[in-house]
Ligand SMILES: Nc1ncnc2c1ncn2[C@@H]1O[C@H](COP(=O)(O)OP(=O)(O)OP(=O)(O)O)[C@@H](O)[C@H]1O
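Let's start with one chain on its own, the form predicted alone, as structure tokens.
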């Protein structure tokens, strides 16, 4: 396993109030080269989990262990955000090479690496453009190219296709799958879309409402390469409905429990 989370707990202090629990007794493992998808209700703690794995937040309790090691060739983790997080005053190529610049890689080398990944994403002709000159889909291609240029061991993706239209989303899903099958990097992919999780993932973890707990871990049975044609498979429909039932049941339980607690105080 490249990542292990053991009884991870995370809470945030609310001004003037009690701590707000976000993750509760969260334990899972991520295998090397695995494409792991996580689905859960809005606000359940999916992004908090990702930012802890990315080193931007620390758990309140529990342990996160990595078997990988940071090296001069790249960081352990890199995050691709839903809102692109591109630097508006830098050109596309300067955005993509920014991580290498921070690491002190010589200019000619980082430009060459940036162009190589822009070519892989099919946008090498836009290297001198600025983010505001690009469509949403192209901005996300820049974000993915930037992440891959950093050569992380683990690619963390926070609903990366959530802000693009349905057609662009399907194209980006195909492109990401092709890149993953070529490089086989470990990917943790957060999504609201059950269909997207089943299309992309080797495994899907379904989370409860906040504080997030694992409701079920599902191994995706479909062979690779995959396309949207798998949605015609009866097993796909069965799994999609099963995951939806888990999510719906978790939300309904979360609504009932506070009501029961409240009733018990009167």
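Positions refer to the first chain, counted from 1. Predicted model, so just to flag it, every value in this text is computed and none were measured.
Absent from the display: the form predicted in complex with the ligand. The rest refers to it.
- Within 4.5 Å of the ligand in the predicted complex, a heavy atom is found for all three of 44, 57 and 159.
- Of the candidate stretches 47 to 55, 194 to 202, 215 to 223, 25 to 33, only 47 to 55 has residues with heavy atoms within 4.5 Å of the ligand in the predicted complex.
- At the 4.5 Å threshold, heavy atoms of residue 12 reach the ligand in the predicted complex.
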